[in-house]
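Only one chain comes next, encoded as structure tokens, the form predicted on its own.
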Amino acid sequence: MELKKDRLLEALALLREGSDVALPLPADDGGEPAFRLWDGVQEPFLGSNTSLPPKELLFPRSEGMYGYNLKTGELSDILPEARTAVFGIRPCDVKSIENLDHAFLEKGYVDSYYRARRDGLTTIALGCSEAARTCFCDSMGVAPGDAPGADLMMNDLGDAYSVKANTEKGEAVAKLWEGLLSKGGAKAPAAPACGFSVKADDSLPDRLTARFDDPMWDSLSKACIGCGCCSFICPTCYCFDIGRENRGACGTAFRCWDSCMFSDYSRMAGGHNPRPSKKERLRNRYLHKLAYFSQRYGATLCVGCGRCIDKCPANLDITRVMDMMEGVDANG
């Protein structure tokens, strides 16, 4: 099925009748596009992927967890009741949500705050027509033109979008749009070639951990300024801190984004820090992305979106680390 481009806003308006709709939209101050709730008027920005991922829809920068009363000992959960459809999410970011699902919903623990938002989320993906200079998603097992994990998959056909439902949620959207859809026979264009190509096969985790004590980590960390930019623009980073705000006898516990690149993140109550320098913190970041997460969940945490390469002020490059593993013996 196809949706003509001149009917896209009509289709989004139908979605907005039953839920919030998040789109890649430019900032009011002219800043870079990001996924924001649609006001029903603005045109979506669909030229390229956004600098900031749609992660906030599931894992907000800051969110209340529960309220408490110190006098009575009462606790009250603050569970979100969000129902959101996100349109224009790219295949790499769809894959990133699958990885967040692993972290927040598997291995015997379910994060109730994430679960509530995830249950209410419908993902409408848009295949990439061109790749940014820092993209390497196809090396990380992602197809630039397809996102099987999305509820609804769309591709740019020129004057229309192809529409394919992958899940029951996707079928519900297609049914909602049935008055706007038409049959079409045009094929989606070939997937674009990514800017980088790296070797990230199943042996990468073992090859990396075999070099845990390698001097290369000292060399790589010299340029890092510890700003945490890589963590905050990454679609799969999920480190957080928990704080409390008291007002008299009542208060609220909240969590907010944190970064393993900050020294405070791993500092213990007695003052000891198992990651005392940039070397240990940078090594932990790369090993978590490329080895530890894969060993635990069977999926590489990096999705090849290239945001960290593009935005790092010190020009650190995760693909360089993967390239340095070429020819390394996984047995040490």
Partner chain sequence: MARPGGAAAAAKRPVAEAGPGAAREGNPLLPAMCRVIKITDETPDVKTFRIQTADGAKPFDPMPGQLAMLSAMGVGEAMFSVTAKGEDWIESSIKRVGLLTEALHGLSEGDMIGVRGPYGNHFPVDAIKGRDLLFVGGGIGLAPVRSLIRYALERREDYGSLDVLYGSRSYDDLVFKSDIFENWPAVCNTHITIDNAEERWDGHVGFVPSYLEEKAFSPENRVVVLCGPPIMIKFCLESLMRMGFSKENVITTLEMRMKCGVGKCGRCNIGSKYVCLDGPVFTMSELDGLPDEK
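Numbering follows the first chain given and starts at 1. As the structure is a prediction and not an experimental result, all values here were calculated from the model. For the two forms, the rigid core is made up of the largest set of C-alpha atoms that agree within 1.5 Å on superposition.
We do not show the form predicted in complex with its partner chain, though everything after this point is about it.
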Just one of 145 to 153, 224 to 232, 160 to 168, 71 to 79 has heavy atoms within 4.5 Å of its partner chain in the predicted bound form; which? 71 to 79
Examine Gly185 and determine whether its closest non-hydrogen atom to its partner chain in the predicted bound form is within 4.5 angstroms. no
Does any heavy atom of Ala299 come within 4.5 Å of a heavy atom of its partner chain in the predicted bound form? no
Does Phe196 reach its partner chain in the predicted bound form, with heavy atoms at most 4.5 Å apart? no
Under a 4.5 Å heavy atom criterion, is Leu46 part of the interface with its partner chain in the predicted bound form? no
Pick out the residues of 288 to 304 whose heavy atoms come within 4.5 Å of its partner chain in the predicted bound form. His288, Tyr292, Gln295, Arg296, Tyr297
Rigid core superposition, Thr72 Cα moves 2 angstroms or more between the shown form and the other one: yes
